[in-house]
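For this one, two forms of the same chain are given in structure tokens, first as structure 1 and then as structure 2.
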Structure 1
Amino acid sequence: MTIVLGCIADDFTGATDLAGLLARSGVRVSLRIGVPDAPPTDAAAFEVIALKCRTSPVAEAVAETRKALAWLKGAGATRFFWKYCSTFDSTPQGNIGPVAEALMRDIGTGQTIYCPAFPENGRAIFMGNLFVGEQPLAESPMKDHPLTPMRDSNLMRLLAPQVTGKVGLVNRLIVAQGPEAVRARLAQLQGEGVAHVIVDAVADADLYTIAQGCQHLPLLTGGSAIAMPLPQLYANGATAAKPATQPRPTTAKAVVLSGSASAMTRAQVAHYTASRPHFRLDPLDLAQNGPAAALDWLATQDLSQAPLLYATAEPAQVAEVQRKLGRAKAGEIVEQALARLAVAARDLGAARIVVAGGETSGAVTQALAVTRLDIGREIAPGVPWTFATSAGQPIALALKSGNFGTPSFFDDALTALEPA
């Protein structure tokens, strides 16, 4: 099978989000965890490589994504997609812009677009400004993100310090005129030396217009939603048979792990703890004593009740922990603890694992030594169940970006995957 599109995602929840939306088309999608060591013997039409580089040092993120690009090019891909969060999670140093510029150089293209819009999940871009629901990004709960606090809503201002080339805009009025208008505006901007182009989108129809207008570009970047039209455009509407799926777990034993501090995850934790067994992880206690208490508690639980272990907290609590431990160390301690708990839960028989938070999902997936995932049904837009093998056992993973889902998401996920 020829690779129609090679995709690189900056975290694991973003990768499953992207793979799930692409899989809606019926075209075969392969999701690989990390860059494979060898060329593929069973490449899919759409290949997605999940990295854990959203908050890595810039040089490390660039090196990892270039390595992924080289693998995809070696496997025959000629079109590429760089996927990041629909809330443009980044810092003034990167990693969105520096990675995009590095990929552009390696591919040999002088222009690309940036479109993190995801209208189905309330992410819209208008006149270059990103909105979360009806709130500008910088006024949304993302302003308090523990690792990438978003203090500006204007994507052009956010991107400009991260790149060396000029930044421009294809605004909503141009998008409304159709694909040819988008293409013409891109050509005009390229003539003006603009390499990095923010593109407005407020509805799903805009995404299809943009995708059509950008078919000539070998590299697109954005949130997962802008990739939804690509199977139809790139694969000529044809579908390929899906691969044989990995064995599905048949046990109801499950565990829910939450490291995200987003507003939606806080609502999900509050909803779930009202009726389910739960244990709160204190990062300060973890720093001194490790996760022994949580491991002991987990060992006493009836996993058919899907207990929750969480470090999710209010922004003020997170800030206080970061002040005492440092931002990076605070996050690392929580990720390592939840990763150990995931392995312990698996060894206790949990075959269904729900994880909230991109960094947490990356740590958990790596600890479980998962290298490839099959994509299952969506629980919520952008969040599918996925299937893998860990330590010789079939497991199901739901990897949720912090802001995705509704307050009942954890219950919804478990209900959506009843034992076979």
Structure 2
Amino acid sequence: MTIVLGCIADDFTGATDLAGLLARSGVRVSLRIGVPDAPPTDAAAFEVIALKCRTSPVAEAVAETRKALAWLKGAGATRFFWKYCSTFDSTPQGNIGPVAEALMRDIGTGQTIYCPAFPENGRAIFMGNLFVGEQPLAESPMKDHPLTPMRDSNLMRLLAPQVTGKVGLVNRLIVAQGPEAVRARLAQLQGEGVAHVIVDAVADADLYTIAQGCQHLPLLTGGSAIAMPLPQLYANGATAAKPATQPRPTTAKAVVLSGSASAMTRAQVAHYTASRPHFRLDPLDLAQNGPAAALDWLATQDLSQAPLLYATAEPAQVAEVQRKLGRAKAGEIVEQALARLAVAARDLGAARIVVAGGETSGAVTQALAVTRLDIGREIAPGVPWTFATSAGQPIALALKSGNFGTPSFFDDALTALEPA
């Protein structure tokens, strides 16, 4: 099977989000954690490489993504996708722009698009401005993000300091005219020396128009949603679904781990704790005594009840802990505790693991030493079940980024694995 599209994602939940949307079309999607050491021998039509480089130093992010690109090229890919967050999480230094420019150089293309729109999750772009629901990005909760606070809503202004080339726009009025108009405007911008083109999109139909209008570009960049039309467009139905390579777990024993403090995760934890066994992790106690108490509690649990262990707390509580421990240390302690609990749960027989939090998902996946995931049924837009092997055991993992899903997400996730 030759690769139809090679994708690089800047974080783990973003990678499963992208893989899930690609898989909607029925094509086989394979997700690798990090750049594989071995050259590709068993590439799927749609390959996604998950990196953890959203907030790493620019040079590191560029080096990592170039390595991923080289692997995908080695597997035969000629079309590529650079996936970042639908809220354009970045700083004036990067990493969205510098990575895109490095990939463009390596691929040998003079123009690419930037389309973080994800209409199903309320992310829309109009006249170059990004909206989260009805709020401009800079007025949404993203303005207070701990690592990448977004204080401007205009994508052209956000991108310009990150790149050396010129930035331009294909606006919604042009997108509304159809794929040919998009292509013509891109050509016009190219004539004016514009390499980096923001493209407006407010609804799924726009994404299909844009994908068609950009079919000549070997590199596209954006959130996951703009990749959704690509399987149909590129593969032309030729790559039918293939049997999965990862075995499915046979036990329903499960655990839910939450290290996200985002508003939606807080609602999900409140919903789940009303009816399920749960244990709250106290970061200050973890800092002093380690996760022994949580591990002991877990060992007494009936895993068929899918117990929840969570550090999720209100912003004021998180701020208090961060004041005492330091922001990075607090995050690290919680992530490492949840990673250890994931391993312990697996060793106790849990084969279904639901994780809330992007960074948390990275820590858990690394601790489980998972290297490749197959993509299964979508639980909520952008959150599929995935299947992997950990310590020789088949496991199912659901990795949810903080703000995705509805309040019943954890129950929805477990129900989604039951036979229909």
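All values derive from a computational prediction rather than experimental measurement. Whichever C-alpha set is largest while still superposing within 1.5 Å between the two forms counts as the rigid core. Numbers follow structure 1, counted from its first residue as 1.
Only structure 1 matches the form predicted on its own. Once the rigid core is overlaid between structures 1 and 2, residue 340 counts among the residues whose Cα shifts by 2 Å or more. For residue 324, the Cα coordinates differ by 2 angstroms or more between structures 1 and 2 after the core has been superposed. Relative to the superposed rigid core, the position of the CA of residue 259 differs between structures 1 and 2 by 2 Å or more. In this core superposition, residue 270 moves its Cα by 3.6 Å between structures 1 and 2.
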